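Just the one chain here, laid out as C-alpha cells, in the form predicted on its own.
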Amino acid sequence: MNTQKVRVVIIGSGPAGLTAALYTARAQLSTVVITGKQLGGQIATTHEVENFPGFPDGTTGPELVEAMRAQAEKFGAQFAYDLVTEVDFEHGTPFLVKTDSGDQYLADTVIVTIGANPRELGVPGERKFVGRGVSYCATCDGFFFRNKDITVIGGGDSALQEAIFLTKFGKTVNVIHRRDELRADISLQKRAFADPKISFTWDTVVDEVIGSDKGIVQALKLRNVKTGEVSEKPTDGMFVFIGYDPNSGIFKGQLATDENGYVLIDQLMRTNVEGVYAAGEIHDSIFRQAITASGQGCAAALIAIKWLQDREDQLQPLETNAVAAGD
C-alpha cells in the first residue's frame, strides 16, 4: 500500500476536474487527479464537440480531453488512473482518499468533480450506438440531426424540454413514454402538444436499438406495455431523458446532498465539509455543459487555493507518510 501526501486531490477527470487541476497545479500546489473509469468522463465519449469556445471548426471529445490533460500535466498535475473507493472527510484535513488499486492519498483539500451519469435504458444496442445515433444531450448533439426523424424517450420535464429544443433541428420528433400520461409540467405539456413537429407514442418501451450496415441507428424495436404488441420504428436518432444519477454514493453520510443525491454547495463551491469543494455535474442538475463544468472547476480551484494559502503555516510537510486519524 502506497500513501502519498499532496496538497490537492481532485476526484474525477471531466472538464471540471481537468480545469481545476490546471489552476491548482499552476499555483504550484501538488495535485493528483484520480481519473475514475475513464479520463474525461462523459465528454470523452462525445464524437463531435462544436460548442466549446476556442474551436471554431469543432473538435472531438477525446481531443478536447487530451488537450486539457496535457495542459494540466504541463504545470505538474499528476494523473492516477484509478477509482476512488472510500474517503474520510469526518476527521478534517488532511483528508484520506482510498483507491481501488490500494493506493491512498492524504490531501489538504479535495475537489469533487466525479459527475453524474444519465440513466440508460439498458437495452441491446444502446451502448453500441452512443455517438452514432444514441444521445443523452440534445444541446450537445441536436445540431447533427438537422432534417432528421428524431425519437425522444421519457415523459418528464427534461424529456419535453429537450423534445421542444430538438424541433429546431429535426424534421419530426416523436416522444415515446411508457405510460399514457406525462409527468412533465403542464405548461411544457401544452407547448409540446401544440407543436406540429412533435408526436407521442404512449404505453411503449424500447426493447432494442437497431443499427444499419453503416453502424448508425436505423430503427427501434418497440413494445406496447399494455398489449404486448411488438413493432419496429424507423428513426435517425434516439435521445434518452429518463433522469440522471449523481455519482455521490461514496460520500454518503459525509457530504450533504439533496433528495436526488446532488452534492450541496454554496456560492463559493464549498460543501458542508471545510476544505472540500465540488464542481460540475456532481452538484449541477441544470446546465450539464462542458463549459459550465470548466467554469465551476476553475471557481472551486481558486477558492481551494485561497483556503490553502490562508492555512499555509498549519499544513503538514509533503513528505509525511502517516495515515489520517481514524483510518
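Note that the structure is a prediction, hence the values are computed from the model and not measured. All residue numbers are counted from 1 along the displayed sequence. The term rigid core refers to the maximal set of C-alpha atoms that superpose within 1.5 Å between the two forms.
FYI, the form predicted together with a small molecule isn't displayed, but the following is about it.
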### Query
Which among 177-185, 209-217, 92-100, 142-150 is in contact with the small molecule in the predicted complex, heavy atoms within 4.5 angstroms?
177-185
### Query
Taking heavy atoms and a 4.5 Å cut-off, does residue 244 contact the small molecule in the predicted complex?
yes
### Task
Check whether residue 51 has any heavy atom within 4.5 Å of a heavy atom of the small molecule in the predicted complex, and answer yes or no.
yes
### Task
Answer yes if any heavy atom of residue 157 is within 4.5 Å of a heavy atom of the small molecule in the predicted complex; otherwise answer no.
yes
### Query
So in the predicted complex, does any heavy atom of residue 201 sit within 4.5 Å of the small molecule?
no
## Note on the structure
in the predicted complex, the residue from 288, 270, 26, 69 with a non-hydrogen atom within 4.5 Å of the small molecule is 288
### Query
From the list 121, 222, 130, 137, which entry has a heavy atom within 4.5 Å of the small molecule in the predicted complex?
121
### Large Cα shift (2 Å or above) at residue 95 between this form and the one not shown, core-fitted
no
### residue 182 C-alpha shift between this form and the one not shown of 2 Å or more, rigid core reference
yes
### Task
Report the direction of the Cα distance change between residue 291 and residue 156 in the predicted complex, compared with the displayed form, as closer or farther; the change is 3 Å or more.
closer
### Task
Classify the change in Cα distance between residue 286 and residue 183 in the predicted complex as closer or farther, relative to the shown form (magnitude of 3 Å or more).
closer
